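Included below are structure tokens for two forms of one protein chain, each presented in isolation as structure 1 and structure 2.
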Structure 1
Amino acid sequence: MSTDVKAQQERAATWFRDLRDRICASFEVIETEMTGSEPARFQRKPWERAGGGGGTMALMQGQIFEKVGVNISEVWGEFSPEFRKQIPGADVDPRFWAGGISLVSHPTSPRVPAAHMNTRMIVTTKTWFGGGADLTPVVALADDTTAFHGALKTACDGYDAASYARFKAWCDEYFFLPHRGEARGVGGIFYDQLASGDWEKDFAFTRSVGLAFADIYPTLVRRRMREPWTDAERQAQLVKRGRYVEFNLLHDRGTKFGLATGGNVEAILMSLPPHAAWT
């Protein structure tokens, strides 16, 4: 591995840790604003991967956030023979390095949208970035959808003029439940195998995606967290969460990648909600 690639890995891993700290602090402030005394706090739990590396889970269960996880990982090793053909560059050399951040928020109130964000860097004989962010409300509210997409579009526009349309369409296609014939939520952006040839540009974009989410999502939470809600809305939320479970267990690439590379099962399945329903 070249010195340049090693330095890139260290910079990316540091960024994912810093972004985790920023988001966790922001969410804890929201819990404090709502509850006052003795608010919930993130509990961090490190884990190690037998094949190399590990990560840290950060989980909070509070009044606003019924369950929110912000996990980081940095793992390395070799892909299994059956997995090598699925990963760019791994068919040439099975060794890999992967670092990233993964966040899933399941709010208590059905008026506050659930959200997902992850960004990652992967190195085989090739190097690329991937990730994105999407919003899953129980009832789609135009103001929230517009604000969320606007923040992500601004991040994309700083990369190139065509990226928002491309990554939005990719998100709409990816976060779709074919067996239900329905979208998981109101979308966002999704990108993978981002390797323009300019690592600094691609890394800057990945940072911009994380910062855009870290800014807009707390804004949406504060906008809705004090609104009253009904039992019917809560039931609709639980059913929506059931759809979320179906997607993550049946279709999500991150879930499959984590399990195939020997990741921490508890951290990989952090995305599952604390309560869900099927009808």
Structure 2
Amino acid sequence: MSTDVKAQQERAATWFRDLRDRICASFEVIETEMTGSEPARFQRKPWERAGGGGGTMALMQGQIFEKVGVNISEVWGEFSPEFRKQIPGADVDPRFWAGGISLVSHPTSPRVPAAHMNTRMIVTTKTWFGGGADLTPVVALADDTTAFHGALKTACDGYDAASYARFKAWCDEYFFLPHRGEARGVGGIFYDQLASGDWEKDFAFTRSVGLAFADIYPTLVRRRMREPWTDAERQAQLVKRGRYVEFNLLHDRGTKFGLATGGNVEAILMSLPPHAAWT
């Protein structure tokens, strides 16, 4: 591995850690605002991967955030023969490095949308970025959808003029439950194998996506968290979360990949909601 790539890995891993700290702190501020005494705090739990590397889970179960997980990981090793053909650049040399941040928020209030954000850098004989952010309200509120997409569009526009439309369409296609014939939520952006040839530009975009999410999502939480809700809305939320479970266990590639490659089960399944219902 070249000195350049090594330095890139360190910068990316440092960024994912810093972003985790920033987001966790801002979510804790929200819990503090809403709670008189002893507000909830993130509990961190490190894990190690047998094949190399590991990560840290951060989980908070609060009043506003019924369950929110923010995981970072930095892992390395060799892809099994099964995966060598599927992963770009791994057919030449099976060694890989992967670093990233993954966040799933399941708010208590059915008026506050659930959210997911993930960005990652992968290195084989090639180097690329992937990730995205998407919003899953119980009932879509146009203001929230517009604000969320607007923030992500600004991040994309800083990269190039075509990327928002492309990454938005990719998100709509990916976060879809074929057996239900319905979208998981109101979308956002999704991208993979981002490698323009200019690593600095791609890394700057990765940071922009993280910062856009870190700014807009707490804004939406604050906008809705004091609104009263009904039992019917809560029940609708639990059913919507059931759909979230179906997507993650039936379709999500990251979940399947993680479980198939012996990843940390607790970290992978931290995305599942605290409570869900099926009628």
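Numbers given to residues start at 1 and step along the sequence of structure 1. Take the two forms, superpose them, and find the largest set of C-alpha atoms that agree within 1.5 Å; that set is the rigid core. Values in this document were obtained by computation on a predicted structure and should not be read as measured data.
Note: the form predicted on its own is the first of the two, structure 1. Superposition on the rigid core between structure 1 and structure 2 places the CA atom of Q9 less than 2 Å from its counterpart. If you fit the rigid core between structure 1 and structure 2, you'll see the Cα of L259 move by 2 angstroms or more.
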